[in-house]
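Listed next as structure tokens is one chain, alone, in the form predicted on its own.
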Amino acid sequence: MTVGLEQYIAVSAALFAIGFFGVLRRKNTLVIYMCLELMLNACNLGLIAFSRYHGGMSGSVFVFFTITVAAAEVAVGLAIIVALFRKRQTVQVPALNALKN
């Protein structure tokens, strides 16, 4: 049994949709951040699927660099969330909507 391109794209689209609706519906900044990462990984899965389908390595190389940049982005994003928590004592988006004081 082989898994075709359509199944990979369906899984990628489902993961992206879950992440997208998670960003829209959640109020916790950490959960929103995880949903953004889920969306990024869904795109990476799509890139890898198309790369394997066409037989080239360009998509795989691009995904490698994307994951490398995402690791740096996670460090910066989590540092910002920790700084906001130390300042406001919450990570809920409604409490962070006004960044005064």
Partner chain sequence: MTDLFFYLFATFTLGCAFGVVFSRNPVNAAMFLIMTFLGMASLFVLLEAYFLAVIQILVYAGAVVVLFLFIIMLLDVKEENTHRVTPLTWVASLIGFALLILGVVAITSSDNIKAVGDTLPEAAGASLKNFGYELFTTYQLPMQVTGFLLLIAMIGVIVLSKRMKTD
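Residue numbers count along the first chain shown, from 1. All of these numbers come straight from a predicted model, not from anything done at the bench.
Omitted from view is the form predicted in complex with the partner chain, to which the following refers.
The partner chain is not drawn, but in the model of the complex it has a heavy atom within 4.5 Å of Arg25. Remark: Thr2 counts among the residues lining the partner chain in the model of the complex, judged by a heavy atom distance of 4.5 Å or less.
Taking the partner chain as it sits in the model of the complex, the stretch 47-66 comes within 4.5 angstroms of it through a non-hydrogen atom at Ile48, Ala49, Phe50, Arg52, Tyr53, His54, Gly55, Gly56, Met57, Ser58, Ser60, Val61, Val63, Phe64, Phe65.
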